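Shown next as structure tokens: one chain only, the form predicted alone.
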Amino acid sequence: MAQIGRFARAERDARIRGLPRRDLWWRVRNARWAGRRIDWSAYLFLLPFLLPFTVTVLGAIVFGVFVSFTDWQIVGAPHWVGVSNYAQAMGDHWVVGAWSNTLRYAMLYVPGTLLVALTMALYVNGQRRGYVLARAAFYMPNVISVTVVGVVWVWILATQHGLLNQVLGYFGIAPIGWLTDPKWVLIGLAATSIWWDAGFIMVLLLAGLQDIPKELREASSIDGCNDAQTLWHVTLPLLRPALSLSLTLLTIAGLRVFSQIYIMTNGGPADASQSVIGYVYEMGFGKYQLGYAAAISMMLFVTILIVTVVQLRVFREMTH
């Protein structure tokens, strides 16, 4: 509306002054673009980030797409093979196994991390006794490197002398092969990742909780709602933007998991924890089949992109 008003005033002033038609056009054009001026200084400050990002990320994606249509073993020139790498990946039972492991891991990791992080955020936001110390303790694992996390949790989850199995032994529970039994390995890895990442998601959810007006919760309690009803009918609906962001980040992290699996199990036992990225690493840098590895990477990239778009669309519809 402001731009329309500026446009009308410029045309009126030009006609009153009896300006030529050409001058009238220029005045009207300048008035139309007055509210659309681009602050180029902002883009100048972004250049130190945009240039490396374009070269290292976008450039790598474009190069990866090209390599996925070739047969390249690092040494020598890549040979164009078309979609044969994708066709091979569709019929490779090792790829199917890696996808199955990754999806099952994500199904444990994503809801588990979200639930733990939400519980911690609600506790800290309630400002109960010791909440300042709890906030620091909850976030502290996220600042530890993945190597340290992997080494520590290998000791905690060890079958014979692991800390967790020793604690369970006091209750008469036999030792569990958290990292050596194919039935339990994904649970052990997911538990490690939940402990590691829940603090970061807690910060996102805590920011969303602090944006919710306290008056709404007070009004619900006056209307007779208990804590559970207030959480379900007031807090969670208003927390949907933060939940949407957290769910998207967790899904992406779950589908591209690699580091903790590589450090803790290296895909074992019997490839029961081999992830898609782990198989890509094995094909690309173990067997030097870079074209085939790039094809699998592009398939994972498209899958993550589709899942992310669907999640954002669903949360947007729920919000409206």
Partner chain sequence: MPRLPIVTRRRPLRGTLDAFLWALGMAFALTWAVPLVQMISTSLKPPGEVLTHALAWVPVHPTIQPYIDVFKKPVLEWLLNSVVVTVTSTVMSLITGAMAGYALARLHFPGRRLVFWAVLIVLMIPTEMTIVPLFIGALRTGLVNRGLADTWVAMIIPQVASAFSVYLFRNFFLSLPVELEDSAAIDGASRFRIFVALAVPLARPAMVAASILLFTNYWNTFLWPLLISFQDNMKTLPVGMLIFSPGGIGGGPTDINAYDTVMAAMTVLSIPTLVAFLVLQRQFIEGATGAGIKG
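As the structure is a prediction and not an experimental result, all values here were calculated from the model. Numbering follows the first chain given and starts at 1. Just so we're on the same page, rigid core means the largest C-alpha set that superposes within 1.5 Å between forms.
Beyond the structure shown, there is the form predicted together with the partner chain, which is absent from this document and is the topic of what follows.
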- Task: May I ask whether 83, 103 and 226 each come within 4.5 Å of the partner chain in the predicted complex, counting any non-hydrogen atom?
- Result: no
- Identify, from the list 236, 90, 222, 74, the residue with a heavy atom within 4.5 Å of the partner chain in the predicted complex. 74
- Heavy atom to heavy atom, is residue 232 within 4.5 Å of the partner chain in the predicted complex? no
- Message: If we define contact as a non-hydrogen atom of the residue within 4.5 angstroms of the partner, is residue 184 a contact of the partner chain in the predicted complex?
- Response: no
- Looking in the predicted complex, any heavy atom of residue 96 within 4.5 Å of the partner chain? no
- Would residue 79 count as touching the partner chain in the predicted complex under a 4.5 Å heavy atom rule? no
- Near the partner chain in the predicted complex, with a heavy atom at 4.5 Å or closer, the residues from 63-99 are 63, 64, 65, 72, 74
- Message: Could you check, with the core superposed, whether the Cα atom of residue 44 shifts 2 Å or more between this form and the one not shown?
- Response: yes
- Message: Quick check on residue 54: with the core superposed, does its CA move 2 angstroms or more between this form and the one not shown?
- Response: yes
